[in-house]
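Here we start with a single chain on its own, the form predicted on its own, put down as structure tokens.
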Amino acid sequence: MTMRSHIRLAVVLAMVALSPMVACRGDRSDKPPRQFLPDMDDQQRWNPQSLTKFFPDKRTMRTPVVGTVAFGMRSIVPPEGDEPWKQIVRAQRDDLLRADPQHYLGLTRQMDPAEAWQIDAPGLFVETIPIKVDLDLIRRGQERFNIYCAVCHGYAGEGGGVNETGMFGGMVGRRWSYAVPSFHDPKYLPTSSERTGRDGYIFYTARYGVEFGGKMPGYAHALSIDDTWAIVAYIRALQESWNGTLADVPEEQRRVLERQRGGIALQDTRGGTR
């Protein structure tokens, strides 16, 4: 067979192979489509909380194997390096494998968090923040506080209510003033002898709420462990600044404040004006 014959044969075979596709273009048919791998097309589908005969317990939702713990939210182990995504993955893995009650629960000993509210012992909650506190942590706490806490407690942590100057506090705090305390109440200060004055108590409350769904919901679903401690650090900064005076502000910043307030005279500690 010559080369020309080979070419003609190839063209004819190609036309024969493509002819069904051309003939079906635009046509309608009630016949089911051809299934070359039906076991992959027609896989069994289960709805949550439904029954199945496939497993002995007839549950479609499987429980973790006894003794296993979550190892990560991603199926990768980040290699060495300080790239941001690697740090995030490592932090998530550390949170899932947490074992330090001071850092991860705000408690001085390991226990079921559900029982902590029932134990009226200040020593159960850590006294001070167990991680490094620096300006970056406080700024992060300010950002998270303004997102999740200020709507009830106000941007200054003043709680909610009404006085001679009008309404104060966050949007929710103004409406439900009786349920939103002020962080400047003496019982929430570090000098308090009550458990409410301990950093661990504020951390624990932010994560688990007040009496588990009573007056305040927990925010563990939205806040990481370190972000919660950052909020505690920022609350301490708010408490420090609440009773501050102009004398606590450096000279340069005082001038900035004066310009921002449009030339309004500011009282200094000697009773004069600047």
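These numbers come from a predicted model, not from an experiment. Just count from 1 along the sequence shown to find any residue number.
Separately, the form predicted in complex with ligand HEC exists; it is not shown, and the next lines address it.
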**Request:** Spell out, yes or no, whether the shortest heavy atom distance between residue 60 and ligand HEC in the predicted bound form is within 4.5 Å.
**Result:** no
**Asked** Any of the heavy atoms of residue 141 lying within 4.5 Å of ligand HEC in the predicted bound form?
**Response** no
**Request:** Classify residue 104 as contacting or not contacting ligand HEC in the predicted bound form by the rule of any non-hydrogen atom within 4.5 angstroms, answering yes or no.
**Result:** no
**Request:** Decide whether residue 125 counts as a contact residue for ligand HEC in the predicted bound form under a heavy atom distance cut-off of 4.5 Å.
**Result:** no
**Request:** May I ask whether 157, 233 and 241 each come within 4.5 Å of ligand HEC in the predicted bound form, counting any non-hydrogen atom?
**Result:** no
**Prompt:** Just one stretch in 51-59, 28-36, 243-251, 219-227 has heavy atoms within 4.5 Å of ligand HEC in the predicted bound form, so which one is it?
**Reply:** 219-227
**Stretch 123-158 - residues with a heavy atom within 4.5 Å of ligand HEC in the predicted bound form** = 148, 149, 151, 152, 153
